[in-house]
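One chain is shown next in structure tokens, namely the form predicted alone.
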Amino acid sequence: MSFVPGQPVTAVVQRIEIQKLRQGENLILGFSIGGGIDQDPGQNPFSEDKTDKGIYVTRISPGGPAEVAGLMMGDKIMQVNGWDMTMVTHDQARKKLTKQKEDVVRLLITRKSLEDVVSQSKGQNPRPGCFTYKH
């Protein structure tokens, strides 16, 4: 998925809900992110378009809440609890994901395999739980 800054983005997305794991005072999501508008997009190994400054999942903790929910390394995070994540800094994204008062994180993500499924099934219904997100 590529985009032109300032132009609408259309992506096939999937909803993922992660129940944070409580460990003492900490709430654990079980994944790490990379990217953001303040980062060098050329360093992002998951983006086909090396100008894409989106937020990507860079690591998943085996058996952690994110893996259990179905999040995968390389997923691009489009929204967190209804907040647009397509034009945020790395720190803004981290803060949205780690709010202490939220036990559940609801994500809209896109991944290459979702795009492939839809392009292969033109005219058919895409996978359940997937829909088109226009920003």
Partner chain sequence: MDTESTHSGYSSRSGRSNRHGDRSRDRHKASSSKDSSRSERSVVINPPDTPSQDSPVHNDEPLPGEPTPAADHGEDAQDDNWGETTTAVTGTSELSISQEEVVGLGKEIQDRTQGFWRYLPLAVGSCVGLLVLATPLVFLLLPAVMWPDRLNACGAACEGLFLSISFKILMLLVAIWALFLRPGRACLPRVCVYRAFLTTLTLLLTMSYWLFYGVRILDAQDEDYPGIVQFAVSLVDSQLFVHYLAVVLLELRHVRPCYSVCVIRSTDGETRHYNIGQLSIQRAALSILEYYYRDFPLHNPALLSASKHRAAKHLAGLKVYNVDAPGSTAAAQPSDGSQPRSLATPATKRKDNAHNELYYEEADYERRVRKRRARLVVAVEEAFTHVRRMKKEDENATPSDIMDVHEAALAVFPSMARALQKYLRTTRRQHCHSMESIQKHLAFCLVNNMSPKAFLETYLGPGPTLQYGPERWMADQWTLISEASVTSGVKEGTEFLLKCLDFSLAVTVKGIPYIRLTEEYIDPKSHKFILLLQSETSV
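Everything quoted here is computed from the prediction, not taken from an experiment. Numbering follows the first chain given and starts at 1.
Beyond the structure shown, there is the form predicted together with its partner chain, which is absent from this document and is the topic of what follows.
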(message) Under a 4.5 angstroms heavy atom criterion, identify the one residue in Gly70, Gly34, Gly74, Gly64 near its partner chain in the predicted complex.
(response) Gly34
(request) Report the residue, out of Asn81, Gln43, Gln100, Thr51, that has at least one non-hydrogen atom within 4.5 angstroms of its partner chain in the predicted complex. (result) Gln43
(request) May I ask you to check whether Arg106 falls inside a 4.5 Å heavy atom distance of its partner chain in the predicted complex? (result) no
(message) Under a 4.5 Å heavy atom criterion, is Thr86 part of the interface with its partner chain in the predicted complex?
(response) no
(message) With a cut-off of 4.5 Å between heavy atoms, is Gln92 one of the residues that contacts its partner chain in the predicted complex?
(response) no
(request) Could you run down 54 to 69 and flag each residue that has a heavy atom within 4.5 Å of its partner chain in the predicted complex? (result) Thr58, Arg59
